[in-house]
Ligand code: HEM
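Form predicted alone, single chain, as C-alpha cells, below.
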Amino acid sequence: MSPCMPHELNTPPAPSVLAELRAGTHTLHVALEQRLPFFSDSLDLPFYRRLLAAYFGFYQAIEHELQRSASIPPGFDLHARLKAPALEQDLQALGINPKALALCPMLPALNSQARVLGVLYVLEGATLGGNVLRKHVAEHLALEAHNGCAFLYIYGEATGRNWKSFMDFLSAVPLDAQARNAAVEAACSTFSCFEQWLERQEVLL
C-alpha cells in the first residue's frame, strides 16, 4: 500500500463550484433579501414602479455588458436568459419609459469565463423566488404578467428546470481553484453592486 494512501483516504473531496458560490455569497444574499421591500406594508403601486425602475437600471446595464463580453462560456444561451426585456415590458405597462431611466454605472468585471459564471449564478438564482413574489404582488397590487409582473415570473413553470440546467452547465465548466475564487468574487461583487444601486435609488428597507 502506498504510504500516501491513508492521507488520501482522509482528505475530504473538494467542494463543488456551486457549493463554493453558495457559501461565499450567503451573507450578502441574506442581507440583501432582508432589505427588499416586496413584503413590506409600504409597497404600494408607486413604490413598486420605482422598485422595478431600479431593477431595470441594474439588469439593463449588466446584461448589456454580458452581451458585449467575449468571455461567455461556449454553449451558454445568454439570449434566452435575459431579464431586462421582461422588465421593460412591465415598465411600459405601468406607464414608465425605460429609455428615460438611469442605468447602474458600477458593475462587476466580466473579463473571464469564471467571473461571467459568478455573475450569472446571481442573476439566475434570483429567479427562484419569483413565483412567491409574483403571487404576493398579484394579491397585493392586482398585477399579473400582462400589466406589470412579467419579470417576477419570467421563466414561468420552467423556473425549476432552468435553474437545474444552469447548475448542470456550471458544474460542467472546468474551473481550477483560482477560477473558482474569481467566480465567487464576481458573484459577491454582483450582490454588492446591486445592493448599492438599489440603495442609491432609495428602494430598500
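Note that the structure is a prediction, hence the values are computed from the model and not measured. One-based numbering along the sequence shown.
Although not depicted, the form predicted in complex with protoporphyrin IX containing FE (HEM) is the subject of the following passage.
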Exercise for the section: Report whether all of Y48, H140 and Y153 sit within 4.5 Å of protoporphyrin IX containing FE (HEM) in the model of the complex, measuring from non-hydrogen atoms. Expected result: no
Practice task
Would you point out which of 93 to 101, 80 to 88, 121 to 129, 67 to 75 contains residues with a non-hydrogen atom within 4.5 Å of protoporphyrin IX containing FE (HEM) in the model of the complex?
Solution key: 121 to 129
Practice task
Answer yes if any heavy atom of L32 is within 4.5 Å of a heavy atom of protoporphyrin IX containing FE (HEM) in the model of the complex; otherwise answer no.
Solution key: yes
Problem - in the model of the complex, F191 touching protoporphyrin IX containing FE (HEM) (heavy atom, 4.5 Å) - result: yes
Exercise for the section: Answer with yes or no whether V173 is in contact with protoporphyrin IX containing FE (HEM) in the model of the complex, where contact means some heavy atom within 4.5 Å. Expected result: no
Handout entry: Contact of F38 with protoporphyrin IX containing FE (HEM) in the model of the complex (heavy atom, 4.5 Å)
Key = yes
